[in-house]
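Only one chain is included here, represented as structure tokens and corresponding to the form predicted alone.
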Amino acid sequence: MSKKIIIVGSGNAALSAGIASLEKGAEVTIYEKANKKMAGGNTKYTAGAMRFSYESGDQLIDLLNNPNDERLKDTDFGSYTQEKFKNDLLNFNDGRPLSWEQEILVSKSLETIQWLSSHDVKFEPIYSRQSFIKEGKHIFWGGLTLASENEGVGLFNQELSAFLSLGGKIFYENAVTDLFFEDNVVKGIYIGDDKIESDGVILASGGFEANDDLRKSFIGANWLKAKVRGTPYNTGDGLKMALDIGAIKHGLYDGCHATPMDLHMKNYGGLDLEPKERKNYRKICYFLGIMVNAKGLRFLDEGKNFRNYTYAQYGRQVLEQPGHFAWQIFDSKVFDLLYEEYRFHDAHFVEGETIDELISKMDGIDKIETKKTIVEYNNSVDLNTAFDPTILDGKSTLDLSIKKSNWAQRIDKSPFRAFPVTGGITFTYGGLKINKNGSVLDIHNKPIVGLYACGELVGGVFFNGYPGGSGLTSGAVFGRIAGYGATK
């Protein structure tokens, strides 16, 4: 007799868990509190990119939707070894060694993407965002090479198709309100007063980023000012249900993925827009210019590293500035390198033919100090090093209290543009503790029988940030683990 598995949530982690459980012959049902259009958790809000280790570009070909793309013969994917992936994670650990969860993420990353590919979840090279053309070749620069066609929406649709084709069922507008917990065993769920029994429950319902009270409690009052980037349905329901029956908290509860966002964005990116459009409110090309706060001062190293390794942290630094905002300033030398979100129809910016005209249009700042900051920055730029966005080019500033380490070019070619930004929260890092089978552990580090977790609910994966694309990979890796574990 096949096992009956219930999954709470319907994003990338949930669907990966569902596919894995169905592979093992289980009867799998997903319950999702959103309607069909809004289902998918945060997955639909992403760019659909997945970071994973690989030794050479040859390992990517079988993963591609179009392995005959003419551009491939002029593409250098480089390599992204497990050692490199581990080092990238360590850079965000504030001195912590790699966690067990991070070790699993790295070691299982490639095989998990290959596993998704075996279920016809296919990918394409991210030419527009992760490569630059150099000497006639597409050079991938940040270890992040592949994304689903049609980004996060496409990833969701592909995974949902795989889930349904294997016999999975999904019910929308069915909010799970509690766990059926009896004799120290999770035996099912409640939807209102209705009890639904099962052999295992997998929580894949996301973090608590859309819950004002939990954000304030766990991360701080500043975070009431943050724009919520993703789904409005990630309100910590699964987390609270698990903690209520004795699960242990795990991970960094005051940590989160936080990205610079358009200051005038609506929460959730505007629910009147398609999810793919909502992500266009992020503003992550600061490395091509400078950022100044309300005092007219730079407050971080815009060129510290490739933006894959800084954007998920810099939203926090923007939010911590006076008034919880900043301005990103560029000149026309880099307009053609700015990502599409800077040309989005609802992108807010001001433009001037001169620096003085630009500053006169920038609201909420000390205009005298802003002019001084730009002049000092321009005078400090190393003119002897060539600008090269495909590498950490070392083109830096000299003798500034806050250095720009790479890609420092003078802001001197008109017209000039400035974009107002604030901090946007995508997902939270604090969650639950699991074992190698995806079982949720209690306060005595013992498995809670019948309860599993994956996705944003797994604590200990990220601490002070993460290299871009790791979140979706983590969801798939731990979703697969939970799906297999629940059917054992």
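Note that the structure is a prediction, hence the values are computed from the model and not measured. One rule holds for the numbers: they count along the sequence shown, beginning at 1.
The discussion below concerns the form predicted together with a small molecule, not included here.
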Handout entry: The single option of 237, 199, 341, 101 touching the small molecule in the predicted complex, heavy atom within 4.5 Å
Key = 237
Completion exercise
Contact with the small molecule in the predicted complex, heavy atom within 4.5 Å, among 402, 243, 175, 391 goes to 175
Problem - All of 12, 33 and 471 within 4.5 Å of the small molecule in the predicted complex, heavy atom check - result: yes
Problem - in the predicted complex, residue 233 touching the small molecule (heavy atom, 4.5 Å) - result: yes
Handout entry: residue 8 within 4.5 Å of the small molecule in the predicted complex, heavy atoms
Key = yes
Exercise for the section: Flag residue 427 as yes or no: does it have a non-hydrogen atom within 4.5 angstroms of any non-hydrogen atom of the small molecule in the predicted complex? Expected result: yes
Practice task
Mark residue 48 yes when one of its heavy atoms lies within 4.5 Å of a heavy atom of the small molecule in the predicted complex, and no otherwise.
Solution key: yes
Practice task
Counting only non-hydrogen atoms, choose the one of 451 to 459, 433 to 441, 61 to 69, 415 to 423 that falls within 4.5 Å of the small molecule in the predicted complex.
Solution key: 451 to 459
